[in-house]
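A lone chain, given as structure tokens: the form predicted alone.
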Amino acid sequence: MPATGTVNLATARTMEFVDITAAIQQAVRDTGVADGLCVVYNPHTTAGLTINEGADPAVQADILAALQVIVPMRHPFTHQEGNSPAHIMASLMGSSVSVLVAAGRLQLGTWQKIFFCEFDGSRSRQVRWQLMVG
């Protein structure tokens, strides 16, 4: 049976990347499972997940800036809540990431981090994770 859990987080800005790598790594470590596949899933429609560089915060700022060019913030969208850009950006980023686990550690590259991508904050959010072993 796979191990599962939830990581709770709070976002502070309308658009931001929140590094959740340490929380996911701790959850994996706490399972005691040495090898498997960790799937991280975001159940929110105005936020996404991505794996990208975590050493230089300018990369995160550049991604957010590029998304705002790709998705026009002032387009006459018809969604009544007024947060269509957040829904579109979330779709572009995706709702899940998968990371191999070996010797109880996430097998991320040297500069890689797992980011929760907020596009409609500030909010209380959560991500779910599942560690599958084979």
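Please read these numbers as outputs of a predicted model, since none were measured by experiment. Counting begins at 1, following the sequence as shown.
In what follows, reference is made to the form predicted in complex with a further copy of the same chain, a form of this protein that is not presented.
*Asks:* Would you confirm whether the three residues 23, 103 and 122 all fall within 4.5 Å of a further copy of the same chain in the model of the complex, going by non-hydrogen atoms?
*Replies:* No: none of 23, 103 and 122 comes within 4.5 Å of a further copy of the same chain in the model of the complex.
*Asks:* Is residue 112 near a further copy of the same chain? Define near as a heavy atom within 4.5 Å, in the model of the complex.
*Replies:* Yes, residue 112 lies within 4.5 Å of a further copy of the same chain in the model of the complex.
*Asks:* Is residue 79 one of the residues lying within 4.5 Å of a further copy of the same chain in the model of the complex, judged by heavy atom distances?
*Replies:* Residue 79: contacts a further copy of the same chain in the model of the complex.
*Asks:* So in the model of the complex, is a further copy of the same chain close enough to residue 63 to count as touching (4.5 Å, heavy atoms)?
*Replies:* Heavy-atom contact with a further copy of the same chain at 4.5 Å: present for residue 63.
*Asks:* Is residue 27 close to a further copy of the same chain in the model of the complex, meaning a heavy atom pair under 4.5 Å apart or at it?
*Replies:* Answer no; every heavy atom of residue 27 is more than 4.5 Å from a further copy of the same chain in the model of the complex.
*Asks:* Heavy atom within 4.5 Å of a further copy of the same chain in the model of the complex: which residues of 14-33 meet that condition, in order?
*Replies:* Going through 14-33 in order - heavy atoms within 4.5 Å of a further copy of the same chain in the model of the complex - there are no hits.
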